[in-house]
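Shown below, as structure tokens, is a lone chain in the form predicted on its own; questions about how it binds or moves come after it.
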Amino acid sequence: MAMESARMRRVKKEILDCRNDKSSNISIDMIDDNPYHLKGTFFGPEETAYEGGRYDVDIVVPESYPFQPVKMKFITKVYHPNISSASGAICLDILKDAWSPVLTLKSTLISLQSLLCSPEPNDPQDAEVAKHYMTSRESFNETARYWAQIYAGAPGKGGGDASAAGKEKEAAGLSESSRAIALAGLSEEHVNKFVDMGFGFSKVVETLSRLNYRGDNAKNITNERVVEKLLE
């Protein structure tokens, strides 16, 4: 019981400290008034593909905190080598074996913010995204920026409406197939080439994504290899 009481005091102090710190632009709020289930929020770092996006993180504080790391995963979908594009799971050493009791909820969220600046593609959470990052950085940045606009409310290149309603309106302007291609970081020209051969759209998008048929890397993959994979 004493351990739980110490955990409660520590978590409440950290939430209060974060609210009083106006410079970090990081917030921590309880979910359903539960001090051990929290939502952390921060903005995408400047001069990155995530700039202007608002990112929410689900935080679960374990019973033995701070001697055991908190559990964190992104609620907001993020296109990043160290974050699962499907589940939001995060590959970061301080959330595992490099955790220290001196770390706080706020400092851990700041580390997540820094991870958006400095991906570690050699230790990925999402292998397909890591391949995209390593083989075609420009194409990767375009896809990450598109995800930031659609899912995190980041403004487009020309500014514009960054609200959720504005983003829904923008996404609605794209056909369902065009949106799926953009979210996968693929080229409509490449996808249509194989769809025109008679292969199903979803199968083509899945296969080209798996092969990392993107940007300059597409030149290294023959049509024969793609067709072979499509026929599997």
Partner chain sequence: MSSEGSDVDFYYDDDDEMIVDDDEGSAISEDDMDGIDTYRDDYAAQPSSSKRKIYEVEFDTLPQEAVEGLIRKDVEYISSILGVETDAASLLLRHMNWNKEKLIERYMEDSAAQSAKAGIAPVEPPPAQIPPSSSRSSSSRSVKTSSAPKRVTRRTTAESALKAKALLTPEPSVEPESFLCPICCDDSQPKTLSLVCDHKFCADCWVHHLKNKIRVEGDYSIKCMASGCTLIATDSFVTSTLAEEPESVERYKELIVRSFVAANKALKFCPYPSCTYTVSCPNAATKSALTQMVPTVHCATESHKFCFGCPIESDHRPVICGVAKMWLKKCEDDSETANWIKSNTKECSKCQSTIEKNGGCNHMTCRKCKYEFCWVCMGPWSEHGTTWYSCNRFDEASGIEARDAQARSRASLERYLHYYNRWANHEQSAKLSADMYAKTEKKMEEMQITSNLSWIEVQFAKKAADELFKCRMTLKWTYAMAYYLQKDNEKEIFEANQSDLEQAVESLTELLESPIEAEDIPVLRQKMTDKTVYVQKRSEIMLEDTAKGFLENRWRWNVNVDGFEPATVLAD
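Since the structure is predicted, the reported quantities are computational estimates derived from the model, not experimental observations. Positions refer to the first chain, counted from 1.
As for the form predicted in complex with its partner chain, it is not shown, yet the points below apply to it.
Q: Would Val227 show up as a contact with its partner chain in the predicted complex if we use heavy atoms at 4.5 Å?
A: Residue-level check for Val227: no, no contact with its partner chain.
Q: Is Val102 close enough to its partner chain in the predicted complex to count, meaning some heavy atom within 4.5 Å?
A: Looking in the predicted complex, residue contacts with its partner chain include Val102, since a heavy atom lies within 4.5 Å.
Q: Pro66 near its partner chain in the predicted complex, any heavy atom under 4.5 Å?
A: Yes, Pro66 lies within 4.5 Å of its partner chain in the predicted complex.
Q: Taking its partner chain as it sits in the predicted complex, is Lys13 in contact with it (heavy atom to heavy atom, 4.5 Å or less)?
A: Output for Lys13 is yes: heavy atoms within 4.5 Å of its partner chain.
Q: 82 to 90, 67 to 75, 148 to 156, 132 to 140: which one contacts its partner chain in the predicted complex at 4.5 Å, heavy atom to heavy atom?
A: Of the options, only 67 to 75 has residues within 4.5 Å of the partner.
Q: Heavy atoms within 4.5 Å of its partner chain in the predicted complex is the criterion; list the residues of 108 to 126 that meet it.
A: Residues within 4.5 Å: none.
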